[in-house]
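Next up: a single chain in C-alpha cells, the form predicted alone.
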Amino acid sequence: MDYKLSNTAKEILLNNFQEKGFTIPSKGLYPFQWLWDSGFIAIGFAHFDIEKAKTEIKTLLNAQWENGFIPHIIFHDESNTYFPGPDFHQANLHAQANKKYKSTGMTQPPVTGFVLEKIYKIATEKEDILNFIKNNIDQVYKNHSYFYENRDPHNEGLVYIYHNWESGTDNSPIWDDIWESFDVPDYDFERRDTSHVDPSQRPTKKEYNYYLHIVDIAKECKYNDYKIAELSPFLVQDPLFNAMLIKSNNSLINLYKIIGNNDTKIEQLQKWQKKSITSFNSKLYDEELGAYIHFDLRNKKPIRFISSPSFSPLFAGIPNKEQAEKLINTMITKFGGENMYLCASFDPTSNRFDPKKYWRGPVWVNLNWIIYYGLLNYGYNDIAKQIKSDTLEILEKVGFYEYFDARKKAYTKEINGYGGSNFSWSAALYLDLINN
C-alpha cells in the first residue's frame, strides 16, 4: 500500500466535503452534489470516516421527490461556476419535486442500493450501520419503484433514460447518431466548464445545444415521465443504468433479509429482477459483437457500439457463463493489449474513439471499479487483477484526476490526467481498491 497516496486520497475527500453534508466532485468545476458521485464517495469515506459516509447518503436522500425520484444534481448552494444551474432546469415544474432542495429534473445511474450494502460490508460497527440502513432503505426501495412504475413504458423490466446526462456517460459517441436524427436551435449561453478545463477535453458547443434542447422538452412536459416518453427525441435503454438498478435490487434483497420482516418488498424486488434480467439478455446482448449494447427506444433500433458500459452487467451478475466469457474476450481483444490500459470508455478500434475527450475514450476509475468487481464475480481473477493494477498504476503516475488516457505511450513527464483535479470518486474508489 502507498501510504502517502492513501493519505492524499483521504485529504481530497475531507477537503471536498461541505458543511451542508455532501461532497463536491471537484472544486470549481463541479460545485454541487451529484447522485452517483455521492454513492462512490460514501464507499471511500466508509473506509476511514463512517459518519461522513452516512451523512453523504442521508443528504442525497433528503433531496428525494415525493414520487421516489432522486435528481442527478442537488443545488445546495448558489454558484456561478456551473452551467446549466437551477434557473435553467426549473425542476419545480413537477408537482412532486422536492420543496426544500433545488435540483435538476433528471437522474443518474441508481447506485445507492449497492452502496448501502457495500458500506455495510466495510463498516466495523455492524449494529450501528444496520440501524442507519433500516432508517433509509425504504427511500431507496421507493426510488426503484419509481423507475419500474414510470420509466418502463413497455413493461419489459428495462427502464429508459431521456437525457444523455442520465447515463453518466455524458458525451459518449454512442449518442452521435441520435443527435443526427433531429434538429436543435442554437442556444446563446456562457460555458463555465471550459474556464476550468481544456475545452478540447470537454463536450462541444454543438453537443450542448442538444443537451439543453432535451431539457427544454422535458420542461415543456413539466417533467412528466409519460409525456417525456411520448415526446423526447432521446429515449434510450442503457445497459449501465439498468445494470446498476439490477445490482441495487439485489443488494436491497440482501439487506432486507438481514433486517427481517420485509417479505413483501423482497418478493416485489425478486419479480423485478426476474423480468429485468430476462429482458436485459434478450434485448441488450449482441451475440455478434459479444457485448451488451444500448437500445434506441425512440427510433426502435439497437445502437451497436461497444463501450465500457458494455461490460458493466458483469457487476450485476446478468450474463450467463458463456456470455461472460464472450464479454471478456471482447474486452481483451478490443480494449486490451500491451500498449493500452484497461478499460477505455469507448472502443479503441472505432474511428469515433478519442483518447482525451471525456467519455469518448478515456479511462474512468468508477467504470474500472465496476468492471473489476464484475470480473471477480465470475472468477476471472487474473483479468480483475490486471484492471485493478492498471487503475492503481495510472493514479500513482498522475494523481486523482477525473479521467485518464488509456494509451500507455501518452504518459510522459508533462502528462497529467484530464478533467477535474483532486477528483472525489477517483480518490474514494482508490481507497476501496487498496483495501480489497
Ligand code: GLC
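Predicted model only: the values in this text are computed from it and were never measured. Note that residue numbering begins at 1 and tracks the sequence as displayed.
Not on display, but discussed next: the form predicted in complex with the named molecule.
Checking 89-97, 164-172, 316-324, 124-132 against the named molecule in the model of the complex, the stretch whose residues place heavy atoms within 4.5 Å of it is 164-172. Proximity of N150 to the named molecule in the model of the complex: non-hydrogen atoms within 4.5 Å are absent; the residue sits far from the partner. Taking non-hydrogen atoms only, P25 approaches the named molecule to within 4.5 angstroms in the model of the complex. In the model of the complex, the named molecule sits within 4.5 Å of a heavy atom of Q108. Remark: Y378 does not count among the residues lining the named molecule in the model of the complex, judged by a heavy atom distance of 4.5 Å or less. Of the listed positions (F114, F311, W359, F241), a single one reaches within 4.5 angstroms of the named molecule by any non-hydrogen atom in the model of the complex, namely W359. Exactly one listed residue, out of F69, Y372, W34, F45, brings a non-hydrogen atom to within 4.5 Å of the named molecule in the model of the complex: W34.
Residues of 411-431 that come within 4.5 Å of the named molecule in the model of the complex, judged by any heavy atom, are F423, W425 in sequence order.
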